[in-house]
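As a starting point, one isolated chain is supplied in structure tokens, in the form predicted alone.
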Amino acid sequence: MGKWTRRAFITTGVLTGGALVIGVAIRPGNRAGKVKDLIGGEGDTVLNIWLKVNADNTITVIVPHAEMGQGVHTTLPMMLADEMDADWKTIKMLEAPGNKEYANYALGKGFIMGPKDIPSILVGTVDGFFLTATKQISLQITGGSSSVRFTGMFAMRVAGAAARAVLLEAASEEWEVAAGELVVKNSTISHPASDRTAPFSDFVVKASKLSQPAKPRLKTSEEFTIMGTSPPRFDIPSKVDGTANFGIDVVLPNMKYAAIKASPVFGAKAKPLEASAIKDMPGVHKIVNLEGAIAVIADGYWLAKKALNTLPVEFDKSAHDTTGQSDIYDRYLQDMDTALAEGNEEKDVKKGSIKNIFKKATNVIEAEYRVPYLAHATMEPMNCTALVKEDGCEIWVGSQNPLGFANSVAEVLDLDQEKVVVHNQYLGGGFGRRSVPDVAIQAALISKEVDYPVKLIWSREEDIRQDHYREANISRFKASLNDKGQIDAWNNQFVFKHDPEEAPHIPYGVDNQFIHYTNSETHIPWGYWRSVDSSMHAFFTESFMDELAFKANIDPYQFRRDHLTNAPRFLKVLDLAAEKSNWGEALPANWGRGISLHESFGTIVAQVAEIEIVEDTLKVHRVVCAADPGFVFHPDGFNAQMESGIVFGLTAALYGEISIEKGAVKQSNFHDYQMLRMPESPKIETYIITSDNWPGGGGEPSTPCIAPALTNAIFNASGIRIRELPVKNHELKADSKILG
């Protein structure tokens, strides 16, 4: 699957071929019959594609998202169950299969249209339109902090409310009473006037034959009974007792193992190896050449890896064999300069006229910031088990896009997509990495060469050196301040633009802005990384805001406040972070505070970091996080995601750096791609604002703010301004006070 941007949707045939003209013809209707054989069991009645009711009155919610620790397998069922007025104790969860009927139209709808109110008569057509589009691009993604705000809002809640409506209608007909006389509570329907009560299961067969409303009435937040609470998560018990199945836990009869070594320089091909090279290696069965990589199949993983390490694996020369990190940055700068000189930069935001302001300005500030490539480094290494047969293929993998993986594997094996079955497992970390099907494609191609299942496991070295990386980037700023210390003009140029599209935009009231970018070429593979472009732009813009505050001789918190008079939601979040962090109170010697503010995926976050520099050692003591996600459906889970995102971002800010040397990734394992350890982790406090705006995401929005909060705190403590990450590359001295 390609990038899932708005442009990707627009360029699919369904969106450019006038699909809306056919109107009712693409309405999906109730597709329960199409998925019954996929999700139904004995005693089940499939009420719609998102839920089934068993004869014992248990309700199973079908969730079209992967569980990678974010708690979505619990939160989405909560949203459906609450709208259905179901008894939470009877709710079960089933992850949706990687089938086209579970292409995530709700995500497509939300990603393109946002929280628009669609007239009832058009809902079916719009949903059918996006179902057709998402089927076409095999979209069943878990990412973009979209599960709750799109699938939850457009699919789960609607499905629960629609199910409630037809159950009421069925009971009304069965008991021959008006639906308005009935009461629904805890998976039962009652008629107080006649003292009758029956479970949902008594009416579900009749209800399944009724037409479900496309736009049922949804509850207000005051009516919620499950949403907004924190019931125990479905995935936790098995993770605690060890029975949870991750991709790496899969074991099949007669299964063999494979290790792999790909070209260090991306794109180079492997030279052939003779099978005789392994003839004297016990337990080693086959060498497989995948053009860009060599794999070895053996009875065990360590046998396969040991054999691979002893083989004389060589790769062809590449045009990028001499490329280094400085060459990549030089190319960026050259392309940025050329774009400016020729006036062909890509425009992102243009307001007012910065040229006129800069001509007259007397206080102009300029700065340049850089961030390096970053790997995902998921704790569970990349892996996939595959079994290719004459009539199809099965894969066992932890995937953020099972349907997309099925499509990719089908393409390389020249199969119909329906012939590829994906058994999705828990993900031992995703962060965008497990949306890329490379490991599944490799496993399938290896398995194709033998007649038994093969589990491919990447070494940690392979994982670090063959990732799809958050790109390195450069961002240049130029701004002018008037005599009141306010920003008159804002100019920002950077390289590349991915998602979210608003990442480089600022919430501050600046009448004259020009935000633009330049494209450049690189052989380093790009991939979604937690919070995507926001992971960079929050560092860029919030670092520059701090520099401007210093030049204006205004407190950094107050400086931001002064520019948020027309952004009350942002101002409220900023104020809460400052209040809870005791902003303005004196700190001990060699301590510092830094503040930052950023919106991503519909959630506004402000953070304050408290740090201490002892000689040349940095200690992050405390991080205060204030967030406005509109509404939080599972508060404990949301708090955990805020903490997780902060730790993830702090790791990158302190240590994260992938550098290129002779065309290849220099780093190889955790000794040179360091992770934040438990003793280093700060105290994290999270404060939630419920504004009842459209719900924002939870998995990514806390990551962007931590880097600028950290580096701004370092400046506050030492006077050292960090304009290039990671922090580990800078010498810190508590008594530096090199201001400016």
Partner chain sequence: MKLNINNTIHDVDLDPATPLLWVIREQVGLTGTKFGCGIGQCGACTVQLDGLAIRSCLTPIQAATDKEITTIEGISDQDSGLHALQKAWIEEQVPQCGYCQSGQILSAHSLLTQNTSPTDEDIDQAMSGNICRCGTYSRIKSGIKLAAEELRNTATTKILNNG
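Numbering follows the first chain given and starts at 1. Note that the structure is predicted; figures quoted are calculated from it, not measured.
Form predicted together with the partner chain: not shown, discussed below.
With the partner removed from view, the residue among 343, 253, 312, 242 that has a non-hydrogen atom within 4.5 Å of the partner chain in the predicted complex turns out to be 242. Checked against the partner chain in the predicted complex, the residues 396, 257, 559, 508 give one hit for a heavy atom within 4.5 Å, which is 257. Within 4.5 Å of the partner chain in the predicted complex, a heavy atom is found for none of 267, 270 and 655. Considering the partner chain in the predicted complex, the lone stretch of 296-304, 281-289, 415-423, 158-166 in range is 296-304 [heavy atom distance within 4.5 Å]. With a 4.5 Å cutoff on heavy atoms, residue 177 does not count as touching the partner chain in the predicted complex; it lies far away. Remark: residue 246 counts among the residues lining the partner chain in the predicted complex, judged by a heavy atom distance of 4.5 Å or less. By the criterion of a heavy atom within 4.5 Å, residue 153 is excluded from the residues contacting the partner chain in the predicted complex. Shown alone here, residue 187 lies farther than 4.5 Å from the partner chain in the predicted complex, counting heavy atoms only. Heavy atoms closer than or equal to 4.5 Å to the partner chain in the predicted complex belong, across 429-466, to the residues 429, 431, 455, 457, 458, 459, 460, 461, ordered by sequence position.
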